[in-house]
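Take a look at this single chain, the form predicted on its own, given in structure tokens.
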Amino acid sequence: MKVGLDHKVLVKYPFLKESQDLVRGHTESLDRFLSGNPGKSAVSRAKDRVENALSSKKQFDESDPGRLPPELEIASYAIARILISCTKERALIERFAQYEAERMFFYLQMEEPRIKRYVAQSAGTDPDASEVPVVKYIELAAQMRDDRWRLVNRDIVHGYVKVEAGEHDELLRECIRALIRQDLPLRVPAAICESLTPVTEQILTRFQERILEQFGEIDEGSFPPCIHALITAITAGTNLPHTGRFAITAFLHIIGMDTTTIVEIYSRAPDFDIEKTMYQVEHITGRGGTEYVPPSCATMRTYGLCTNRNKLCDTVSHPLTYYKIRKKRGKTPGESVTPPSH
């Protein structure tokens, strides 16, 4: 169904084909565009988009979704995707996708039904459907943490998952996030990344500042018992299973530890191989472009890695949450420890 979309609508949803067509009609080759004044304005706006994604406060302007002319505002979205691809920081890519999805979903709630339906269908979902194909559902639900989204908790009939009317918005938001995340990081020519280096360096600096704001300086004394146990095992010369290595590496990376320091921890292992370890650490920390986050407490229990549980463990569902709480309130001397659950 053909839907007439004015420029104000296209600016809000830059992933739409119509939005991309508008940009193509007003821009030249990428390198020439970036070197001109319009391109520089779009780059500056793109930098703002990425840095907004790093902010803990998500504020969207209902009356003004764009600061530049429509074609440049839409171009800034495409350039933002290029910027984060050049940084090669996968965690930054995830934050950008989440932010842009929340931003677009915010505007979508105020659209008339025909536009909302069109945007939803363009994102790959039917807002009126009472069921979703299992394959599509698994793709979307993988990033949704509430237990009710787990496939084992859903009604499945003939390869379709039943969806309640009130759940469509959550699925739509995840559809948009997945669409934005698709194909990232892009394969950007080295010359383009080099020309954008001053901007990407500023973004990376802000990214590191944000990690420090969120987690602060790394404090080993605030590590959850499971992570302490894994590091102790390495120090004692114990060979860890892949699941243990994955958990440590992902955890340490997210709280801000650099790759070299993580590799140094593994140097104490009896089977240490620097080239192999470096490859594995870089893969887990996102250099290959795939999202990897530390396992949840439930997953750690499944792996058999949950150990030395204490009272704080009983109140959290993720090792990162434990770390943030413990850092914020400080250690509790003599805190009692309960046996690990099996």
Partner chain sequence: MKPATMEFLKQRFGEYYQKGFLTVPSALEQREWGFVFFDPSSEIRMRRHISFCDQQELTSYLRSMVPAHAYYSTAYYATPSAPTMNEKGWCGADLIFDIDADHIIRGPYDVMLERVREETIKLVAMLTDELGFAAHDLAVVFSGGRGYHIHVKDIAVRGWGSHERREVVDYVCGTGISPGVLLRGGAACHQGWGRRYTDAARDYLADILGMERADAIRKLTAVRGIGETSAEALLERRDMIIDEIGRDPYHALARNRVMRTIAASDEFRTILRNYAALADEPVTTDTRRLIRMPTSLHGGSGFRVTPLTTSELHDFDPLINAVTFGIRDVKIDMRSSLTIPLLGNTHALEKGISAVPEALAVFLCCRGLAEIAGVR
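Since this is a predicted model, take the numbers as computed values, not measurements. For clarity, a rigid core is taken as the largest C-alpha set superposing within 1.5 Å between two forms. Residue numbers count along the first chain shown, from 1.
Just so it is clear, the following notes concern the form predicted together with the partner chain, a form of the same protein that is not shown.
Judged against the partner chain in the predicted complex with a 4.5 angstroms heavy atom cut-off, the residues D48, D61 and V199 are out of contact without exception. Comment: 127-135 is the region of 199-207, 70-78, 127-135, 247-255 lying near the partner chain in the predicted complex, near meaning a non-hydrogen atom within 4.5 Å. Contact check for D147: a heavy atom falls within 4.5 Å of the partner chain in the predicted complex.
In the predicted complex, none of the heavy atoms of Q109 sits within 4.5 Å of a heavy atom of the partner chain. Residue contact check for H242: none of its heavy atoms lie within 4.5 Å of the partner chain in the predicted complex. Mapping the unseen interface onto this chain, T259 falls outside it, with no heavy atom inside 4.5 Å of the partner chain in the predicted complex. Distance criterion of 4.5 Å from any heavy atom to the partner chain in the predicted complex singles out A141 from the list A101, A120, L184, A141. Only one of S35, T302, S44, N310 lies close to the partner chain in the predicted complex, with a heavy atom inside 4.5 Å, and it is T302. After superposing the rigid core, the C-alpha of R309 moves by 2 Å or more between this form and the one not shown.
Once both forms are overlaid on the rigid core, the distance between the two CA positions of M300 between this form and the one not shown is 2 angstroms or more. Relative to what is shown, R301 and R154 are closer in the predicted complex; their C-alpha atoms differ in spacing by at least 3 Å. Distance between the C-alpha atoms of N153 and R301: shorter in the predicted complex than here (change of 3 Å or more).
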